[in-house]
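Before any questions on binding or motion, here is one chain by itself as structure tokens, the form predicted on its own.
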């Protein structure tokens, strides 16, 4: 059961990371780019199991 929850968690983190990267690429305002990068860092750390 724990493995299923872990897999769902990492799929969700990956999906949100992809959405953030997509929005980062599409935006043209540098303030929003900085905000997306700040929000994206913890998601990438969790996705790569570094934190």
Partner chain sequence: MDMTTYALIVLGVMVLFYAGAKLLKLSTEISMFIAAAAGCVAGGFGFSARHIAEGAMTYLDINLIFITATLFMNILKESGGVAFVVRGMFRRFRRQRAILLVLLTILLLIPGALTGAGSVTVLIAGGMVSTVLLGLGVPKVKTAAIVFIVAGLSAAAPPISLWAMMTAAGVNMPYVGFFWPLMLPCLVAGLLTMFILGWRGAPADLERALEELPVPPAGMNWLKIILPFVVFLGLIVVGRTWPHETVVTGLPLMFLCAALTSYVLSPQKMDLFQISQKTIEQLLPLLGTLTCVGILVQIMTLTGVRGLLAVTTVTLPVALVFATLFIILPVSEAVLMWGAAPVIGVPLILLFNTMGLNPIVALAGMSIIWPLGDALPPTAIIGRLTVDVTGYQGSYGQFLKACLIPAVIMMIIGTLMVVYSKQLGFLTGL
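Just so we're clear, the structure is a prediction, and the values are computed from it rather than from any experiment. Residue numbers count along the first chain shown, from 1.
Another form, the form predicted in complex with its partner chain, is not on view; read the next lines as being about it.
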property: Contact flag, residue 38 vs its partner chain in the model of the complex, heavy atom cut 4.5 Å; result: yes
property: Residue 31 within 4.5 Å of its partner chain in the model of the complex, heavy atoms; result: yes
property: Interface membership of residue 25, its partner chain in the model of the complex, 4.5 Å heavy atom rule; result: no
